[in-house]
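Before any questions on binding or motion, here is one chain by itself as structure tokens, the form predicted alone.
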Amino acid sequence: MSIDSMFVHKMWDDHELSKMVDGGVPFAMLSDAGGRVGKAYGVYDEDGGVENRGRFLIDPDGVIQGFEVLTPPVGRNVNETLRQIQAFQLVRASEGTEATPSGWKPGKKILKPGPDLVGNVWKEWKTDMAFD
């Protein structure tokens, strides 16, 4: 969602995003003309008439699970956003019996939260979860 029109979003997806992410962004982009939603989330810059780059991951219950706010000169990482969505979906589907470590990707090892994991995440990380 941004203050840009749906036409600008379509052009951006067709000519930019689809070249960075196969098939473009797999979700609808919404227009926040006037910045009403941006104001509610604290990312609308009244003086500049623009929104900072805010990304809010909201679960089906309406709870914000993750967010990131960047100023306009700093670009976002669409693949990282998609990775985080997949991680939140996995955790939600497991009803909290599984967790994803830093840098987790689909198909990689997950963690089982519990007393035995406390103070031992590094052991799991060291053996199977190094950054790609």
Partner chain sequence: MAEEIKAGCARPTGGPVGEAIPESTPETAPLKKEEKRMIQVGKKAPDFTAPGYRQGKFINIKLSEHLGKWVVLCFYPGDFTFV
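Numbering follows the first chain given and starts at 1. A quick note: this is a predicted structure, and the numbers were derived from the prediction, not measured. The term rigid core refers to the most C-alpha atoms you can superpose between the two forms while keeping them within 1.5 Å.
One more form of this protein, predicted together with the partner chain, exists but is not displayed; see below.
Asker: Given that the partner is absent here, does F88 sit within 4.5 Å of the partner chain in the predicted complex, heavy atoms only?
Answerer: F88 belongs to the contact set for the partner chain.
Asker: Consider E95 of the chain shown here, and say whether it contacts the partner chain in the predicted complex, taking contact as heavy atoms within 4.5 Å.
Answerer: It does not: once the partner chain is placed as it appears in the predicted complex, E95 has no heavy atom within 4.5 Å of it.
Asker: Tell me, yes or no, whether K109 is in contact with the partner chain in the predicted complex, where a contact means a heavy atom of each within 4.5 Å.
Answerer: Answer no; every heavy atom of K109 is more than 4.5 Å from the partner chain in the predicted complex.
Asker: Heavy atom to heavy atom, is A99 within 4.5 Å of the partner chain in the predicted complex?
Answerer: No, A99 sits far enough from the partner chain in the predicted complex that none of its heavy atoms falls within 4.5 Å.
Asker: Can you list, in sequence order, the residues from 59-87 that come within 4.5 Å of the partner chain in the predicted complex, counting heavy atoms only?
Answerer: Result: D59, P60, D61, G62, V63, I64, Q65, G66, F67, P72, P73, V74, G75, R76, T81, I85.
Asker: Quick one: core overlaid, is K19 moving 2 Å or more at the Cα between the shown form and the other one?
Answerer: Yes, K19 moves 2 Å or more.
Asker: Following rigid core alignment, is the displacement of the K10 C-alpha between the shown form and the other one equal to or greater than 2 angstroms?
Answerer: Yes.
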